[in-house]
Ligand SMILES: Cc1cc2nc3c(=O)[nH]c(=O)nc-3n(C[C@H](O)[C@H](O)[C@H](O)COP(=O)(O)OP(=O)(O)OC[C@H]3O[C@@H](n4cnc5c(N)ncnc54)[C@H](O)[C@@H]3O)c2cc1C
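The form predicted on its own is given below as one chain in structure tokens.
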Amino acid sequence: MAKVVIIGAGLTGISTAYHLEKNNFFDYQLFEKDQTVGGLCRSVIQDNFTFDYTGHLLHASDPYFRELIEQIVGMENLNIINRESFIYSHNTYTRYPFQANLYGLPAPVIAQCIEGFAQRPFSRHKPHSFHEWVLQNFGKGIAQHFFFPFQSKIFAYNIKKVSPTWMGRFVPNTTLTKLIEGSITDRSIGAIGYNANFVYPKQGGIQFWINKLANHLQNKIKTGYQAQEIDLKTKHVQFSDGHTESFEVLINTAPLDQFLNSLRGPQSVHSLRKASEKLLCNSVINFNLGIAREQLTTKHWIYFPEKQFPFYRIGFPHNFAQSAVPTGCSSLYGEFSYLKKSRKPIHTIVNEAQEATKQLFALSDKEIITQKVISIPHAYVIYDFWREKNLPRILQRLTDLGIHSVGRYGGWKYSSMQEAVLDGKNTATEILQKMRL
């Protein structure tokens, strides 16, 4: 028996364990269903190419998180990078963010964006949906030429049914001055947006820093343990291999929908299991290519809002770290999403996406050294109206039962690696304070 049981050795789970130990608490066990720790903050190596589970970049705006990275990883092991990201639409590349960089777009598109921004509707009421929020903040032109098609593509969901609360700090604002200046001049505008600057491991992909943090733990992470059933009456977790672990406090960082469905015990748990059916998230297919061409591009990533492209983003790991590719090579990753069921067979979309990528960058089949397709069943949480109304009550109900469900998927939210680490830190602090009362 462990006093504290943690389910999921993704970043939040590892951070929770790290901060428990930092406070000299070792009466816990951390269980991970896979053989590799990190959750989605993970890397794979294939034919000497390092591919992450989509793009994972370290942004450190919080002083504690920045200090932790420096202590755990060491700045000498990180590349410090200024973002070079773009949007491809209307057959041209424009700098990110779209709402401040219109230069290069057709004149009618620029005019529609500026006019729409100047005439955007004013309202004293908070926007009901993300759709309304975009119109109020950016106007019809920017909405139609970027936000509406792009967010519909990435969510695979009707943005009129998405709450504006998902954004947090992720969407930079703009001004009329920035719009006009950015339409007549091709320039890189300082630090706009949370990801204007980032750091990335020089070796080993994003897995390098996850392993560094995990290696600081004195308690061994138990890998290959799939939580199958959680009995709240007897307070024990039953794993798929037959192992049983009792607990006093349970911390869940696994996807909330799956976790709720595994609960057993009081009659009231039935309503939580039913709620699992209402929690929405999309799935992402991440396709990766290792390419026999040096410096395919100097860009870090590109957004694709238009429907003609199956993917919504393509990124280039060789520009994050030279070690990501063999000498004289480049690499790229692409992403497309779907909700519940893909409109076409996945292999068909992957083939279409790869062919579109080859055409876009004039790649021949001979230049493709290796291909890796990664399926991510739980990708972006959908902030639909049901979630907004019911999620706080679900999480509070779990807290009342002695369960802390935290992190990106345990808390069913859209968050960064920094927030995952801080969630773990705060959870550890809260648990220890309660134990000392």
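Residue numbers run from 1 along the displayed sequence. Since the model is a prediction, treat every value here as computed from it, not as a measurement.
Keep in mind that the form predicted together with this ligand is not shown, yet the notes after this line are about it.
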{"query": "Which of 78-86, 264-272, 312-320, 102-110 lines the interface with this ligand in the predicted bound form (heavy atom within 4.5 Å)", "finding": "312-320"}
{"query": "Among the candidates 369, 391, 373, 57, the residue which, in the predicted bound form, approaches this ligand to within 4.5 Å (heavy atoms)", "finding": "57"}
{"query": "Candidate from 280, 250, 302, 227 lying within 4.5 Å of this ligand in the predicted bound form - any heavy atom", "finding": "227"}
{"query": "4.5 Å heavy atom contact with this ligand in the predicted bound form for all of 134, 166 and 384", "finding": "no"}
{"query": "This ligand contact at residue 415 in the predicted bound form, heavy atom, 4.5 Å", "finding": "yes"}
{"query": "Contact of residue 17 with this ligand in the predicted bound form (heavy atom, 4.5 Å)", "finding": "no"}
{"query": "4.5 Å heavy atom contact, residue 51 and this ligand in the predicted bound form", "finding": "no"}
{"query": "4.5 Å heavy atom contact, residue 31 and this ligand in the predicted bound form", "finding": "yes"}
{"query": "Heavy atom contacts to this ligand in the predicted bound form at 4.5 Å, residues of 1-28 in sequence order", "finding": "7, 8, 9, 10, 11, 12, 13"}
